[in-house]
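First, one chain by itself: the form predicted alone, in structure tokens.
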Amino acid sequence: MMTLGRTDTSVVGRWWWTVDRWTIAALFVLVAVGAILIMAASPAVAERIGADRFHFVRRQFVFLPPALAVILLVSLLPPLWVRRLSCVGFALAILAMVATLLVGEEIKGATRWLSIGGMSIQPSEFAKPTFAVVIAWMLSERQLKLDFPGNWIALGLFALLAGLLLLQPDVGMTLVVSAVVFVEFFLAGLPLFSVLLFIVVGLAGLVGAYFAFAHVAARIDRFLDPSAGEGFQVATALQAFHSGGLFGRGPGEGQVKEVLPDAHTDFIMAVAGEEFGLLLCLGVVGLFAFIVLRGFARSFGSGNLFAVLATAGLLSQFGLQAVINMASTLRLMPTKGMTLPFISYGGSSTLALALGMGMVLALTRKRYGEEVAA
């Protein structure tokens, strides 16, 4: 039986004693919970659309082993290779997003998917984590070399990505990316005036989205005026939470999955609440909070500005996506078609999140001597 002692200088040995094993454990538990909820929520949805009962289960389980492998393999990388991987990945994702606008599939009024080899890929999912690392690199280089235009390059890349997202259109993901940019600029030492300017521009963007996109206006109107109808899925989800109570009705006993069109994606927490109860839902919230807070704590102690900025961007993205999904399910904010990380059904989302969390693990590993500046 192989053992990994502290004197083991192999790649795997060094990785084992420097990586955050608690975060890996939390991620694996989150993936396991997601697998259980997919098996609970998706069969009824598959039957309603005329597919095999385990259609979504099989498809999701195809992506889970590669996703876990991506988390572990990427976590082995040094910071230099994390930057290189992100630069190549971001360039490929941008090219794929352009191709999506030209030859992509239009689903529910949005052109976000590209069909490759019989599989639908959402390139923008892969742009999110790689973008967070690339702009962190630009901002950290700006701090090291005052004549380097890192801030302007970062803003230019943001404008490019946001423009492509709005053309799809995907206003929700644009807001998430904007939040990541704000967090990283703020941590890089953004002046107070610029912080206020960012906030004003962000609010102006929200107002502009309301008038520019009919689906955004409709969702906000329904949220602000419940008497006009809060939406079938949200109302049904709230009833499911009420029905589940503290301990739930039991696995397979829920009814909400029989009527909710997006029970396996955007509203999977409603299935969790009805069948497994409030305790499981709080456990999921706790896992997300643990991963985000522990990642921030480890990155702030690294002494590497690039690692701090990149990790902050990746974790903000991860946490914000979870908050948006759960808050919209509970009618705490207007609905937004955004998956719950590692819980909802979605191949592109699962692999992209695995890439992002693998980079978080790589950047928060303990490093000594020359490795710190790598």
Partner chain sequence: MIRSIAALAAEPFAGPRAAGDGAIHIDGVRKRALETGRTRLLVAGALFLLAFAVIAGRMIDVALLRGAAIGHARTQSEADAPVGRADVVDRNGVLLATSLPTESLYARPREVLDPAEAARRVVGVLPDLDAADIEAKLRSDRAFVYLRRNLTPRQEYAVNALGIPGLYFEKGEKRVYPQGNLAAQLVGLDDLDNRGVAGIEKSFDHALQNRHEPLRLSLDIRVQTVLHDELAKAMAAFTAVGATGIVMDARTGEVLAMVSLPDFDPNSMAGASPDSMFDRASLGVYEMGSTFKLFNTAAALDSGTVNLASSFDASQPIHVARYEITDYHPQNRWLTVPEILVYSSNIGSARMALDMGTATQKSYLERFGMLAPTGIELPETGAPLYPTTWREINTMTIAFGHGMAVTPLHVAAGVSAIVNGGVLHPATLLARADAEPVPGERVIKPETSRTMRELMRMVVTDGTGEKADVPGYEVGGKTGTAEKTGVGGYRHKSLLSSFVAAFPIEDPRYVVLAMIDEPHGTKESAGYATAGWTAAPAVGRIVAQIGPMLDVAPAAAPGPADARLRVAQAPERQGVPHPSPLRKVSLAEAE
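Small disclaimer: the values here were computed from a predicted structure and weren't measured. Residue numbers count along the first chain shown, from 1.
Not on display, but discussed next: the form predicted in complex with its partner chain.
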4.5 angstroms heavy atom contact with its partner chain in the predicted bound form for Q255
no
So in the predicted bound form, does V177 come within 4.5 Å of its partner chain, heavy atom to heavy atom?
no
Answer for R48 alone: is it within 4.5 Å of its partner chain in the predicted bound form, judged on heavy atom distances?
yes
How about T111 - does it come within 4.5 Å of its partner chain in the predicted bound form, if we only consider non-hydrogen atoms?
no
Quick one: of G163, G208, P251, G301, which gets a non-hydrogen atom within 4.5 angstroms of its partner chain in the predicted bound form?
G301
L144, L203, V103, A214: which sits within 4.5 Å of its partner chain in the predicted bound form by any heavy atom?
L144
Given its partner chain in the predicted bound form, answer whether the residues L187, A235 and G245 all have a heavy atom inside 4.5 Å of it.
yes
Which one, 274-282, 70-78, 123-131, 164-172, holds residues whose non-hydrogen atoms are within 4.5 Å of its partner chain in the predicted bound form?
274-282
Though the partner is not shown here, which residues of 259-296 have a heavy atom within 4.5 Å of its partner chain in the predicted bound form?
M269, L278, C281, L282, V285, F288, A289, V292, L293, F296
